[in-house]
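In structure tokens, one chain follows: the form predicted on its own.
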């Protein structure tokens, strides 16, 4: 099974895994002899070449205006706008460059062994990614020259990598704190089938937020009346953020560490203790704890902390001692943080899933029923005003079918507007302010009907996650699907694929 691959396209670091001779997943090192590759792209102004990985990350301090990092946080941002060297760049393009770098490095290593180039792969995505972000990720893979076998939720991938290590019969949490995003999932392994019970997360929370908090504290302690947000567009800021990251990592190993800053050509040194670091970032840790409890609250079945048998820590930022300490204080259960595993588990699980898809019968963990990532609802009139009634909740099974009944609100009504909204709430009713309008149509029956005439809405979601809605009143129907917006058309994908193929990254 040497020709199956799983890729963790991470916010801060990415890696690729395959199945070894022993049937177990193994991460393929990059050309820097490292297991993970920084998800950073540097665009050279003179040569028009792109550099990805460690070399690009080192350029963040010298030329931040030509460097792009944390692009995964922008995958769902329709207003993202960035120009580098006078040319617009998109999250899809940057993601494709990162994928190409990871694959090219792995192919270089494989060529020494006389192995064929990588063509197919499973790529992981955060569990909270909606349809648009998932499809854009798939397009990034295609632009990078890959056949994307599947998109796998990151917590599910992590659970698969641990699936042969004592999870049978357990209900457990995957706590995935990466460099730029946070995922929490509650899962159960029963009879070799892995089922998701709940997911939650924040795509704007990750290890970089600890770096920023540390940097802000150091700036203030050094008598500089600025914050990272005040100066983040300056070259000094990028270098200082890297220094904060180094200091943070040192504090995971030692009780004290020194951060070295240079601001406006003047050097500053500040010694910081681990206890102070934990104090200034306490609110960040608490926000992850809150999401753990929220995941319990919105689970498919009633769950309490006592129902959790084990918590698995995933993601490089989980190495911080404060994470383990705070979780153990909140949850009285086994905590798993295997050395060297957190930043590789997702890619390894993706490789196992790829092997399963390719017919490897030795993979003894199957995926059970998954969940959607968003709730969908329609606007209704209530005594409090216009509200959104959810007709499909994010906690509902992926395969879903239901019928809802509404009534006309005016005498002699000849039509009704059917508006569909997207939100992340798990409540039956949610404010319009917390929802996004994604589609509206008019259901017209063209003859007056009495007030209170029944309007039937039938909702169906298939295996591919596509939601179909049918509205019916007085013998007339209107059908539509919730389609993904913001995608590239096939011609654009092909053009970007050809352009990227000619670049060395």
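Residue numbers count along the first chain shown, from 1. Since we're looking at a predicted model, the values are computed, not measured.
There is also a form predicted together with a small molecule; it is not shown, and the following applies to it.
The stretch among 183-191, 248-256, 279-287, 303-311 whose residues place heavy atoms within 4.5 Å of the small molecule in the model of the complex is 248-256. For the candidate set 131, 272, 208, 151, a heavy atom within 4.5 Å of the small molecule in the model of the complex is found for exactly one residue, namely 208.
Among 316, 372, 163, 91, the residue placing a heavy atom within 4.5 Å of the small molecule in the model of the complex is 316.
Proximity of residue 179 to the small molecule in the model of the complex falls within the 4.5 Å heavy atom cutoff. The small molecule in the model of the complex is approached by residue 320, whose closest heavy atom lies within 4.5 angstroms of it.
Interface membership of residue 18, defined by any non-hydrogen atom within 4.5 Å of the small molecule in the model of the complex, is ruled out.
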